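Presented as structure tokens, the chain that follows is alone, the form predicted alone.
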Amino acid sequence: MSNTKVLPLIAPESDAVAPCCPPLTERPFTAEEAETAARMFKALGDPVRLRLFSAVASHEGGEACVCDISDVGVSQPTVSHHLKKLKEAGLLTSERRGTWVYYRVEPSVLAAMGRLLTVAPAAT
């Protein structure tokens, strides 16, 4: 007899803003696309945020408990502040499980970031 409990899957938060821009070389951005891309790059422009984003993105299982990624050389309140900024930029989603918060980088966000920086093929 097992004491394991099956937990239901929780849908990701719907307030996350995924980058929604075409490749830089495809056409000029609209004002809205430029705002979205700027918010994303501004959030990643801080070395601590970039380290936290990388820690979450590369963590086994695609998500990380804040307890596992907070060793970035700043205090816990500062880690929380930086994670909040990454969430506000639409780069992370989170889920509270008991005492801890788990962060995830949605695959669509990584795909959109890669697409944004892709060089469009030259027209022939």
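Don't overthink the numbering: it's just position in the shown sequence, from 1. Predicted model, so just to flag it, every value in this text is computed and none were measured.
The form predicted together with another copy of the chain is left out here; the points below concern that form.
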{"query": "4.5 angstroms heavy atom contact with another copy of the chain in the predicted bound form for Thr78", "finding": "no"}
{"query": "Another copy of the chain contact in the predicted bound form: Arg27, any heavy atom under 4.5 Å", "finding": "yes"}
{"query": "Partner proximity in the predicted bound form: Leu44 to another copy of the chain, non-hydrogen atom cutoff 4.5 Å", "finding": "yes"}
{"query": "Partner proximity in the predicted bound form: Ala57 to another copy of the chain, non-hydrogen atom cutoff 4.5 Å", "finding": "yes"}
{"query": "Interface residue in the predicted bound form among Leu83, Ala64, Ala37, Ala89, criterion: non-hydrogen atom within 4.5 angstroms of another copy of the chain", "finding": "Ala37"}
